[in-house]
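Only one chain is shown below, in structure tokens, and it's the form predicted alone.
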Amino acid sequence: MRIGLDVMGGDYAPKAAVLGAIETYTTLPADQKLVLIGDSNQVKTICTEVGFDVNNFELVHTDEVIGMGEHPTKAIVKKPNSSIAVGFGLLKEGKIDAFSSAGNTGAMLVGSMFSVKAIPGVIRPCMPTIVPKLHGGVGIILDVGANADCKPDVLLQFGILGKLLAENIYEVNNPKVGLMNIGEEEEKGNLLSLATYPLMKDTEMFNFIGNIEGRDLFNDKADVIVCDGFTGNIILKLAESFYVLTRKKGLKDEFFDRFNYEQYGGSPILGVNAPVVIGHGISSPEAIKNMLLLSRDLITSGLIDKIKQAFQ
């Protein structure tokens, strides 16, 4: 197994990425290798500073970087030797089994679609995120930003993708799938939710439990919560603020500690032909480590093949 990491992506790159890779290395068996893609001279310097043997990694040198604020499509085309573009080239050629980055989210999404492409039958790949549940465990909400505007059949597919993620990565048996709405009743909601509800109600692809409201996000009513990326991103950013706010208020609480993004590492792009994980731009070494471990889990679970089977 060869897990690729863009070491130039993120606000604290390359140091945070390299230190995160070092932390990950100590937890991996000998047959799971890390491939670091970026400026190899900087990687070697950081490893030397902390007394780590850089030969434990495979290095792929690149001399271009896609900045966090660059236009995704233009940057991918204009910077073919960037760490993100080279990483996707290696993934497409099968030279790495997964690719992750805390860099430009748009470039990661565009790179996924240009290189490994969407699984046949998947209309729109999406990004999920994890939400902690009050009584333990986690839930999944999707999409959280890849698709600001959606159609009903796209939301139906998000339910399928979320169900497969919950089962295969988070070991939730027969996950309950809910549709985020402004009320529980079937006739509530905007045009999108009104049109999506009957599709989900009639499907046999997952266990649909009906509409859920924002107050149900952290209880056990649903394991998978489906919404368009515009709604999901607002929910995600609000939830991320809980951890910061409790810290600023001097509150220490186990539940709110679980809102710390570092614990989850990143979000996979569901619906493409290979494991791709996008990390938070402000990823610390701990977050990088968990992003890489998630990449490993996506490979070992065979999730991609199971998604392909579901959409045949």
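None of these values were measured; they are calculated from a predicted model. Residue indices: 1-based, along the sequence shown.
The form predicted together with a further copy of the same chain is left out here; the points below concern that form.
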Among 162-170, 110-118, 94-102, 229-237, the region lying within 4.5 Å of a further copy of the same chain in the predicted complex by heavy atom distance: 229-237
Contacting member of S284, T246, Q32, N260, with respect to a further copy of the same chain in the predicted complex [4.5 Å, heavy atom]: T246
The unique member of P152, G189, G89, P175 whose heavy atoms fall within 4.5 Å of a further copy of the same chain in the predicted complex: G189
Non-hydrogen atom within 4.5 angstroms of a further copy of the same chain in the predicted complex for each of G214, F242 and L251: yes
Exercise: V138 in contact with a further copy of the same chain in the predicted complex, heavy atom 4.5 Å: no
4.5 Å heavy atom contact, S193 to a further copy of the same chain in the predicted complex: yes
Partner contact for N181 in the predicted complex: a further copy of the same chain, 4.5 angstroms, heavy atom: yes
In the predicted complex, A148 touching a further copy of the same chain (heavy atom, 4.5 Å): yes
